[in-house]
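Listed next as structure tokens is one chain, alone, in the form predicted on its own.
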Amino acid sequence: MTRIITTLLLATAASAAAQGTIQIGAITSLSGRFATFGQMQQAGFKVALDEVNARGGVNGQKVELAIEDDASDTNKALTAAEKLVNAKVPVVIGAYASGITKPLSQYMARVKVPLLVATAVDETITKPGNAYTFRVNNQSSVYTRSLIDQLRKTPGLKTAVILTSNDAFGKSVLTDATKLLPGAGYTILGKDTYDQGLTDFRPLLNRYKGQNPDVVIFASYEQDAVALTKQVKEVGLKPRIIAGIATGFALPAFLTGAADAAEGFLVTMVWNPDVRYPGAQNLYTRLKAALGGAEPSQHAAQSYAAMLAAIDAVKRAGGTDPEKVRAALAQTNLKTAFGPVAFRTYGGYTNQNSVVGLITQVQEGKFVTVGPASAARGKLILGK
């Protein structure tokens, strides 16, 4: 079966070339535990491609998407990458999760084809990174630092507990929060990780309730975020601030799944429909249409920007040679409805974009941007 699929991919690529089209590779999770995020990514890719092709494509050539499902599995992502490389795509966007993206970036560097990361936040993907990996979204420390900067400006709060998933994403957040909170004047009363599959968080949450922290910080994927939030309400844990670092908390499904239990949660993200970038509201409308009327998340906007960056690099490279596309990516300087895209090497990071980290709060069932002040659309409401 693998040989048949590979042959079809090669045939498709050859046919595309013959018809004067350009194919951009993408790997995401269209099935498995990260499928909701993969659907968001797919919508972002589609909106960007429609936009570019409506303007005539790249030098008169239509741009197409060669997308592979990694089924939320690292080995399948690596197999998909091999297929796309054999199909001679000039660049690959992917994957969704940090634990999948890190080994994918190492493989792509070995075969010398550029990888554009749109959503994965693990610090080590770009720190130190490599010459062939470029990240459009912020690294995890930016999400965590944005929250802690907000906490630093909020008087009367002194203690915190942290609970994260026990994976690359969660560990990255735990490391950042443990490092940054003391500098903001906080005493950490407890820090824990949990393994995939845990459904009963009440023993941990009851312990936190007994510690009576001012702030609770979570980092979790989709289903965990909803379960945690419902159980916070169930056990009666009521800190002054309770926050989720992006990911599962940043999905519209978090709002519907957790319902009134989500009210008042702070959620860090880099894009919200109320963001002030030109064209953001129009992008929100197009992403929503691409999702069949469902609400888009930041992951869709990030993927939109990644696709625009990939196409822009191919255009400036003057063709689909991966090495020339890599060189063009390094010179990227785009203004998009997601935010600016320019890859820089600084502070130990390689080819890392930088976007303003937003603090949103769930207010009346919607994410409202409450920080930083330059981006705020509403005011922070503290718990009593």
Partner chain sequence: MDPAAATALIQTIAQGLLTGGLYALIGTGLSLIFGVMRVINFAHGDFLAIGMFITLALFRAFNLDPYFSVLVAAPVGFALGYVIQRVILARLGDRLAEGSMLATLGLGLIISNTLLLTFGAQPQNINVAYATKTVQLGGVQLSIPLIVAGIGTLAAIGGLNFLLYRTELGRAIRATAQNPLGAELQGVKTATIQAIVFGLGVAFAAIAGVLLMPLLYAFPTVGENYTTKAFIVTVLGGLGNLPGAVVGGLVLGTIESLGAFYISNNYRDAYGLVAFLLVLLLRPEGLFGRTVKRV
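Everything numeric in this text was worked out from a predicted model, so none of it was measured. Residue numbers count along the first chain shown, from 1.
The discussion below concerns the form predicted in complex with the partner chain, not included here.
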Out of the stretches listed (51-59, 331-339, 30-38, 351-359), which one is close to the partner chain in the predicted complex, meaning heavy atoms within 4.5 Å? 30-38
Can you work out whether P252 and the partner chain are in contact in the predicted complex, taking contact to mean some heavy atom pair no more than 4.5 Å apart? no
Can you work out whether G264 and the partner chain are in contact in the predicted complex, taking contact to mean some heavy atom pair no more than 4.5 Å apart? no
Distance check, A289 to the partner chain in the predicted complex, heavy atom within 4.5 Å: no
Although the partner chain is absent from this view, report whether Y107 comes within 4.5 Å of it in the predicted complex, heavy atoms only. no
Taking T199, G210 and E234 as the candidate spot, are all three within 4.5 angstroms of the partner chain in the predicted complex by heavy atoms? yes
Within 4.5 Å of the partner chain in the predicted complex, heavy atoms considered, which of Q281, T178, T124, T256? T256
Partner-contacting position among T193, N75, N86, T187 - heavy atom within 4.5 Å of the partner chain in the predicted complex: T193
Just to make sure I understand: among 43-68, which residues lie within 4.5 Å of the partner chain in the predicted complex, judging by heavy atoms? none
